[in-house]
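Okay, here we've got a single chain as structure tokens, the form predicted alone, with questions on binding and movement later.
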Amino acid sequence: MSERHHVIVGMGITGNEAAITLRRREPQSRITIVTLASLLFYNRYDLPQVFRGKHDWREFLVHPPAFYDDNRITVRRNSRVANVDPLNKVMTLEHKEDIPYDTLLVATGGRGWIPEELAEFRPLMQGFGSFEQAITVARALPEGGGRVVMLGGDMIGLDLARTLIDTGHRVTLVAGEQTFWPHQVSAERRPAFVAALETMGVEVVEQDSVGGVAQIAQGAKGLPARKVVFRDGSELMADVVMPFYGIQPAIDFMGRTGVDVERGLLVNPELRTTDAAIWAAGDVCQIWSQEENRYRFYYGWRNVRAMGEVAAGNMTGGNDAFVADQDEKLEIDAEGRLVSPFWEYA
């Protein structure tokens, strides 16, 4: 037991919480975190603070670099996983290095999903999933107020919209099926929620009313950097175009493992996959719900943080089931503004 090697793929809140729990439960084990990121763990929910003048990456770190040395947690940054061999319990990185493991936790989270019809315009759209992307957006917006056209409008994007508006920027939302995701909003209640967005200062264009996005192009000289053209011929100019259509699990490297997959990795309530040595936690997994008789995703900061702790506990001999710790209801407060539990980060 003292020589067991626990490998975690992903260094978001889920993977970081898992590493801390593993170290607490097994003081002598080896722990390795493998991440694509160049920076150590920072809370991505804090990224909108770049619009309030917070531009030093060191201010975003949750733990100083010495924390990982002190807790003997090896962090492999800028490392992409190419393959996992469950039979031999070996993970291979893209540069052909093999990393043996005794237990493996997949906590890679999700990446922003873009509809196929917009994929060709990806170079003209700006993501917001990393510190580097956040800084790029902040620099692209003029001081004193720029304009952002937001496509889709999931709850991650709408959270960002709140900060953008508070800091003097203009946000136009092209609303569609993914607006308010992952909340499930009925057709009857949708108009009230859209009105709440407008109360908050978001300009809303319904995708159906303009026929959808036909093209995203570079703006002409002397005009804003981007132009969004709709199928009805109308246009919007913007400094930045940002897609927020929800997320898809980042599990490409698990394709040849034989582990059961639907949209995400399928796990039991203890967060174990169909392979006895592989667990999954966070936005990357679908957890079996006995009450609903289906596998389902659970989102929200508190939920994914709890999953990291539960998975690590079970990787070290526990048998605890994950219990959701976050309400999923979208509400409107007394001032007519949206209130979402997915905006709670503590």
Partner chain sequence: MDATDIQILIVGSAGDGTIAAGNILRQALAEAGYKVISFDVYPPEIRGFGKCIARMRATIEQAYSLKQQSDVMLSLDDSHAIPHVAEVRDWGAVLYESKPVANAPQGHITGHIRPGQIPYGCAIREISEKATGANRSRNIVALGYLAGLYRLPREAFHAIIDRQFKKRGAEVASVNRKAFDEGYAAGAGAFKLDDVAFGPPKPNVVPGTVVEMINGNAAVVKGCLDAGIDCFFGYPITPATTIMERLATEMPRHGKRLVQTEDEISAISATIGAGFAGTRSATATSGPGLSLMQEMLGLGTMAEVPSVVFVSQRGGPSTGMPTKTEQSDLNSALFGGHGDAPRIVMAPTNVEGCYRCAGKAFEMAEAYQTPVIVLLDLYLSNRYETVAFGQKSPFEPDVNKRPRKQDLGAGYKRFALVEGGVSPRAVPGDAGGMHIVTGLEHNELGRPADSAEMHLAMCDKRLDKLKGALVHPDFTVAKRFGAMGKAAVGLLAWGSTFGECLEAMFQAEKEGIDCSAMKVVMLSPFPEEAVSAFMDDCAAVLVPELNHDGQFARLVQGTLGRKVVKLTRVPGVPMRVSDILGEIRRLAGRNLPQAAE
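Positions refer to the first chain, counted from 1. All figures in this text were calculated on a predicted structure; none of them were measured in a lab.
The following text describes the form predicted together with the partner chain, which does not appear among the structures shown.
Checked against the partner chain in the predicted bound form, the residues 240, 228, 75, 202 give one hit for a heavy atom within 4.5 Å, which is 75. Screening 97, 232, 262, 117 for any heavy atom within 4.5 Å of the partner chain in the predicted bound form leaves a single hit, 97.
Looking at 298-306, 33-41, 312-320, 285-293, the stretch with residues near the partner chain in the predicted bound form, meaning non-hydrogen atoms within 4.5 angstroms, turns out to be 33-41. Using a 4.5 angstroms limit between non-hydrogen atoms, residue 68 touches the partner chain in the predicted bound form. The closest non-hydrogen atom of residue 131 lies within 4.5 Å of the partner chain in the predicted bound form.
The partner chain is not shown here, and in the predicted bound form it never comes within 4.5 Å of any heavy atom of residue 268.
Using a 4.5 angstroms threshold between heavy atoms, residue 58 counts as touching the partner chain in the predicted bound form. Judged against the partner chain in the predicted bound form with a 4.5 angstroms heavy atom cut-off, the residues 79, 136 and 139 are in contact without exception.
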